[in-house]
Structure formats: structure tokens, C-alpha cells
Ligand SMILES: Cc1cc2nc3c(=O)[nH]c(=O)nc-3n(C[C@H](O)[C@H](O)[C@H](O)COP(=O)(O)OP(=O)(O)OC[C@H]3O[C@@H](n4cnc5c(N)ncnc54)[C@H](O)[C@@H]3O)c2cc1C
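Form predicted alone, single chain, as C-alpha cells, below.
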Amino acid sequence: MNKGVADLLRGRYPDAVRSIQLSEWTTWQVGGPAIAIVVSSRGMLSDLLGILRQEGLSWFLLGRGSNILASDNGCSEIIIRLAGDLASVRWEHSGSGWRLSCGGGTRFPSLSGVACSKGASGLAFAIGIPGTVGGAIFMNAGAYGSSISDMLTEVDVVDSEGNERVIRNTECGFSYRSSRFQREALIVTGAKFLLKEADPAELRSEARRILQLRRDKFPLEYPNAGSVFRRPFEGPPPGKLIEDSGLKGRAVGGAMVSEKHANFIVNNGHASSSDILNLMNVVREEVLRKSGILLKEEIRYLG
């Protein structure tokens, strides 16, 4: 991005523009420099998209940085992060359940914790899943037999032209770890959920159990981006395929296939994005050679 455009954005949004290192905004903790804008309202978002469109600049919506591999060289895209009104939460008790409205920038695990404390069932599975509500909808995040699409009623979006729209659950194109938001330039600015009422003590107990399962199963002590490869339509899960290929502990530079769960690649403290990408290629090729199954990545690339 040229200096003139950077100055234009800083002049328009003096308190919102950041010069960042993507390594500080992604859970793998890798990535180079970028310009980010923290957007606090739908009006500001529509205005920003208009400027970017006029200047011919591309953008990338970044939540809490999970499922992202950012380039060592940084990126030319303008990074957009939702905050303020776009990360707000409103609860309404209704009959035998709860109506929840929240912004796309709301932190998903925090929302899950509050839901359990209130006695609003359905979101306990999200305890310990890093990311935002918008990111969870984008990926149709799920675990332990539940997905965010199960209790979602509608989604507020802003399209690339800056127009606001409401999309019902049935129009979201949800499937396993997939949604229409992966195929269309739509920014999730808000979401509404209908949650059944349950015993808060039981929900908190369930959340503690799930969190302990995550700690026991996943290498949470190291920077990681979550599961790297998608589950094949046919065949064993990717973690088993990778483990059976003898790849646990395989390393390239500072990147290593986790000894705890083989579908996680961890940053041992000095990994570059190139290390991670090269290790992903090693894993993909070795699994294909030994099993005949071509693994497809679940993560997204930036830069």
C-alpha cells in the first residue's frame, strides 16, 4: 500500500488505524507487517469499504487470528477488525429460553462462558475455541456433536458494496466446517441465537469437562492455529492419517507436528510461516504416499 493511501486512512480514522505485525494478531504467532483498522460501527464499516473500493484496495477480515497462516512478508490487504458496537452482546430472557444478539467481533469462548453462567444451553462446546462469533459462523465451528449453526437464527452482514443485509439460518449454506460466507464477500457484523434454558450448574460442569478434554487432547501450551487439515469425506480423521504415517514430532525449522495431536502444527517459539507451510507440504505428500488420501487444509492464507 502506498503512503498516500495510508495517510488518507489515518486522516479519516485517526484513532482506528494501526501499523501491526501479523505475528501479534494470529494464534500461530507468525507473519509480517500490515495496516489494520479497528472498526466500531456498521456506518464506519460501510464508509471504509467505500474508500477501499474507490482506491482499488483489497481487505481481509481478521478476528482473533485462529485458522490463519500469515506470510512472513506481511500483506498488502487492509486488515479489518470488528470492535465497539460490532462486539457488543445483548441477552433477553424469553419464556423457556434466551434470545441472544451479539456482534460479529464478540469473542466466542467468552460468550460461551457467560451463556453457561446464565443457564443458556447450546454453546458449552465453544469453551476454549479461540476466535470471534463472526469467525465461528464463517467456519461453522463445532465440536463434540454441536455446531454454531444449530442454534443460530439469523446473521447480520455488510456486503462489499457497504449494504447491510439480514440472512436467515437456512440461507447460510451451512455444512461441515463450511458456509456461504467462505464463498461470498460478506462481513458478519452480528448474529442472533435462540438458546434453551438449562441448569447453570450443569452447564458450568459441562464446560469444565470440555475444557479439560481440550487441555488433555490438544497442544494448547504452544502457539497453534487449531486443526490444520479437514477430515476427508471418506477415510480416517487427518490426525490418525498423519500419526499412522509416522509424522508425529516431524519438524521443519521451528514448526513441528504435535506429539499430542498430529493434526496440529505447533510453533516451538521461532517458527516462520515458511517453516509451517513447508511442513504442511511434507505432511500432505507423506500421507498421500502412504494412504492414497490427499489432505486438504482447513486454514486460510493471508499475504
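Everything numeric here is computed off the predicted structure, so don't read it as measured data. Numbers for residues come from their place in the sequence shown, where the first is 1.
Beyond what is shown, the protein has a form predicted together with the named molecule; the following relates to that form.
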- Note on the structure: Assert contact residue (the named molecule, in the model of the complex, non-hydrogen atom within 4.5 Å, options 152, 172, 207, 186) equals 186
- Tell me, out of 61, 277, 36, 49, which residue has a non-hydrogen atom within 4.5 angstroms of the named molecule in the model of the complex. 61
- Decide yes or no: are 104, 136 and 224 jointly within 4.5 Å of the named molecule in the model of the complex, with each residue judged by its heavy atoms? yes
- Query: Quick one: which of 89-97, 161-169, 67-75, 197-205 gets within 4.5 Å of the named molecule in the model of the complex, going by heavy atoms?
  - Reply: 67-75
- Query: Using heavy atoms and a 4.5 Å limit, would one call residue 129 a contact residue for the named molecule in the model of the complex?
  - Reply: yes
- Query: Is residue 111 close to the named molecule in the model of the complex, meaning a heavy atom pair under 4.5 Å apart or at it?
  - Reply: no
- Message: Would you classify residue 220 as touching the named molecule in the model of the complex, given a 4.5 Å non-hydrogen atom cut-off?
- Response: yes
- Non-hydrogen atom contact residue 142 with the named molecule in the model of the complex at 4.5 angstroms: yes
